[in-house]
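Okay, so here's just one chain, in structure tokens, the form predicted alone.
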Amino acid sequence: MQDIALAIIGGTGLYALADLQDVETHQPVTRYGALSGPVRIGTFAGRRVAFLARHGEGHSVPPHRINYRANLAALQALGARRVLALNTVGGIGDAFGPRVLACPDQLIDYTWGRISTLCEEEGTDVLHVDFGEPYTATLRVDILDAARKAGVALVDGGCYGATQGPRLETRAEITRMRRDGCDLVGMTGMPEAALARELGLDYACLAIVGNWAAGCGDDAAITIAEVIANVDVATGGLSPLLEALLAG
């Protein structure tokens, strides 16, 4: 087991970590099965960092088929204690337009049929974890401080609504989510956050807005090319933010 300062899980459009040096590749098989893909562990800003592409490095795993338990268990087994989830999302709230970075503090789970707990198998301990604050407060504070030090604009707070996917949402669904208080919509925020809590990992989300959700903003048709282009621009400040985060 290695001393890993930070584990990063990349979402849509984020399949590798730039500037990761001296990379080692690990692909363990966990008690929960296989991961989405290899874990790349290397040096970033003088610290040991792990990176895992949530959808696989070729974006071959849809949101509802991701083995969230295996991904997180593997990162933990490799020595990670802090996990930064990078999630490409749609914007609902007015402050969450395309190319915005946000660090949400709440979420609502609209997914179904996913294995969402470590307590799935018969004979495992039943865990009733406190999930009132779904993201680790101390890690969120560190991320926000790092953004300020790096001069990276980052929205503090917001509610992430996790939908089933892989299809995008209807306008009526987004209208409901807005009424429910959601500011962002994505497909992978849950059960990842809850499983991290069950595993005792510090976990926070850096949401990258790739498009307006249906019926929001300019309400133009959403294309994957547009999403990826916006993610590329929005993540231009990711490296300095991570450097500041790792520097403490």
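Start at 1 and count along the sequence shown; that's the residue number. These numbers were taken from a predicted model, which means no experiment stands behind them.
Beyond what is shown, the protein has a form predicted together with a small molecule; the following relates to that form.
Check your understanding: Pick from 167-175, 119-127, 68-76, 150-158: which stretch has a heavy atom within 4.5 Å of the small molecule in the predicted bound form?
Key -> Selected range: 167-175.
Check your understanding: V185: heavy atom within 4.5 Å of the small molecule in the predicted bound form?
Key -> Within the cut-off, so yes.
Practice item. Tell me, yes or no, whether A213 is in contact with the small molecule in the predicted bound form, where a contact means a heavy atom of each within 4.5 Å. Key: Yes, contact at 4.5 Å.
Review point. With the cut-off set at 4.5 Å between non-hydrogen atoms, does G90 touch the small molecule in the predicted bound form?
Key: So G90 counts as contacting the small molecule.
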